[in-house]
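So this first bit is one chain, no partners, the form predicted alone, shown in structure tokens.
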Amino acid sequence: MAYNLGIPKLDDLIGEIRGGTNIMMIGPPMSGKEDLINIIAYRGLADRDAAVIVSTREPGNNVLEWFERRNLNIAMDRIGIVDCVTRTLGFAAPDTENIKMASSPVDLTGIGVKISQFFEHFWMEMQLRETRLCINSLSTILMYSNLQTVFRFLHVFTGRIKAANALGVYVIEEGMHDAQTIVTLKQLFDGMIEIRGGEDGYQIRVVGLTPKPTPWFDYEINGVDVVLRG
């Protein structure tokens, strides 16, 4: 099984991403990481993959609306969202076909159970063999839990991604964590999507999935297209 990011120039440089790959996406706030991770999920959905998105920053309905607003021609029964926000706001929201509720970003056991339920549904009931897991974001989880607990949680799920030949992408906010935290977490990932501020907006590159890092590219997001320059 092989995957791509859906960002043409980067995909050309890194080639196919093998199943079982886990990638950290790290960059500053307001650099478009939420759109980027949704676009990576969308590209999978457009290829008839399944996508599981863990949202620790906004309610699951908002994530679902991101896809609906763009009038994308995708099968909505292939998208699963683990909502870690709504119940922290005091809403007794039930699970739906697309959205399963975790009690909070602290509830790593509950988050893990909901991810597993979606994986099992897509794998066993729908016979979908290619799945993308997108966690947005690890930084929120780290605010509520210690590094050792988060590391153990991630160790389990990066292992699950490898075993299932899936693709995992995990967002980290640059500047929110000390260097030791980043170094510790990096051990779990096969590569990184790095984002930094440039002279004219933001730049992106991929590290670790090829012998040498890709060049830095200026980028802008236009709907579900990531346009690279440079």
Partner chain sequence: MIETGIPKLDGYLHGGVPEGRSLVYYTYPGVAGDVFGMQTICHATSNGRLGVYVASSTDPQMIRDQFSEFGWATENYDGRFIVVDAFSWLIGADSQERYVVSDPEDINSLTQCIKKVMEEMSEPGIIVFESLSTIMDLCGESETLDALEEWSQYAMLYDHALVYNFTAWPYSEETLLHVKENVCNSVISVGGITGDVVFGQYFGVLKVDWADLARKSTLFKVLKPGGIRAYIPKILVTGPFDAGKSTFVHALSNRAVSVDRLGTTIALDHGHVDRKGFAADIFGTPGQERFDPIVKLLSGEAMGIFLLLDSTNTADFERGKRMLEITKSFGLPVVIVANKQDLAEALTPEEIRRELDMPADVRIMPAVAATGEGVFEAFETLVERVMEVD
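It should be emphasised that the depicted structure is a prediction, and the values quoted were computed from it without experimental measurement. Numbering follows the first chain given and starts at 1.
Keep in mind the form predicted in complex with the partner chain is missing from the figure; the text below concerns it.
Undergrad: Just one of 179-187, 196-204, 40-48, 160-168 has residues with a heavy atom within 4.5 Å of the partner chain in the predicted bound form, so point it out.
TA: Correct option: 160-168.
Undergrad: Look up in the predicted bound form whether Ala75 has a non-hydrogen atom within 4.5 angstroms of the partner chain, and give yes or no.
TA: Contact check for Ala75: no, nothing within 4.5 Å of the partner chain in the predicted bound form.
Undergrad: Verify the contact flag for Ser104: yes if a non-hydrogen atom of it lies within 4.5 Å of a non-hydrogen atom of the partner chain in the predicted bound form, no if not.
TA: Within the cut-off, so yes.
Undergrad: Even though the partner chain is not shown here, does Asn71 get within 4.5 Å of it in the predicted bound form, heavy atoms only?
TA: Although the partner chain is absent here, Asn71 would stay clear of it in the predicted bound form, with no heavy atoms inside 4.5 Å.
Undergrad: Using a 4.5 Å cut-off on heavy atoms, what residues in 92-106 are near the partner chain in the predicted bound form?
TA: Result: Ala92, Ala93, Pro94, Asp95, Lys100, Ser103, Ser104, Val106.
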